[in-house]
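First comes one chain, alone, set out as structure tokens in the form predicted on its own.
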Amino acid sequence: MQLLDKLAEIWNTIDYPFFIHNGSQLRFQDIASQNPIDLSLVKSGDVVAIIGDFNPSSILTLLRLIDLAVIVIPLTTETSNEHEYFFESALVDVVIKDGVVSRRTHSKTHELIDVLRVNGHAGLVLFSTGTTGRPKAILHDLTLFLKRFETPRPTLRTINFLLFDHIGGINTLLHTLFNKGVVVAPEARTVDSVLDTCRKYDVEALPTTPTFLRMMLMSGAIPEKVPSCLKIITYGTERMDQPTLDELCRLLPVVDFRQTFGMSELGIVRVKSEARDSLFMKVGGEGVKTKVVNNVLQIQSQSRMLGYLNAPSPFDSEGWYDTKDVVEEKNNYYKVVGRESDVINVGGLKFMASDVELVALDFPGVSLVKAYPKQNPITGQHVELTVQPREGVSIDKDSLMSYMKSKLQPHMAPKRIKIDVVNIGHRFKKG
């Protein structure tokens, strides 16, 4: 059975909206019965980039493309400066933008794409955020990816904060579709807009990032502007710091905070937080195994990607994936303390960038902070900081430097502090 037919059968007797967008409450039948764009130029097995967002047209086009057994690449306008690189890396045959379908010409092939074509399976390509080099093109067998949604699971009214090009956003959409839930698209991904949308449409679950939650704290929106309907806030995609989580739990005592963990390479893995105020989590679920090697988490997952289209496979001979996440272990729970790339080595003494950031975050007036290593001819590396003040606050660099030196060991103290905006990517992660 085709995906659209299967979903139509699931929603056939449901008399409430599946999708709320720009004030319109749309049932699944409203989505499926739209006037569709012309896909006559698209052939089974094509690699198709669709530039869109979570809106009725993009959702319907995405589902129709899956039924055509294409390899689909969801993209957003926020990454438009990288689209040409994406098209070349993923061997794109067709681009769909603003309802216009256009074919591209190339003569390249890739064995992983050929496997999907031979099997008649749809595929999904997602791009890494590219914080350590150019983004990697991550290829999943979408036919297998969809099988995880065949097991019914409970749903909440969820705001789709994570974007159209993010595995978490796609997962929220599909989970809601298969389980008769309601998903709400924010009008804008700002603190006020997201909270207003939650209040207006009785949103129960907000999946977001630690950076956005800290922005919520710094805005003064918590707790007064957080609606009582919000039951669960999940956070992932980057490391959360304990002071921020503690403050959130204190200000919102009835909200359940849950950590998520996953990488586009591995698919969605199930996570259970030790407690709402704990950064320790249990990582697992069906078909998932974990181990720690030299303090770094490795994962084996049956729902893993087929491979990269523009880089060598990261899996070892037994299928283990090195997450590059440095973790602490406690009773089979893990806490991510940073990435391997976050390890700073000053004269042979190693520590995490997060150790320095936590101290800076306690300084009055600091909103966001980024610690990073710089090459040093004497010690190999030293630490520098970019600090973003709260709105309307002025931070004295000398006072902050003195504070950092009083709280940190000498080799961990920053050599330079820059007062500036901390770069935040379109997925609301620190750059």
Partner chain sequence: MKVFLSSISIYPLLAMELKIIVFNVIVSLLENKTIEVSDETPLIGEGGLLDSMKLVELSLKLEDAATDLGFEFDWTSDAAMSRSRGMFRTAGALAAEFIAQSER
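Residue numbers count along the first chain shown, from 1. The structure presented is a predicted model; accordingly, all values stated were derived computationally and were not measured.
Not pictured, yet referred to below: the form predicted together with the partner chain.
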Looking at 29-37, 60-68, 379-387, 43-51, which stretch has residues with any non-hydrogen atom within 4.5 Å of the partner chain in the predicted bound form? 379-387
The one option of Leu163, Val346, Val327, Val271 with any heavy atom within 4.5 Å of the partner chain in the predicted bound form is Val346
Can you tell me if His411 lies within 4.5 angstroms of the partner chain in the predicted bound form, counting non-hydrogen atoms only? yes
Using the partner position in the predicted bound form, report whether Lys407 sits within 4.5 Å of the partner chain, counting heavy atoms only. no
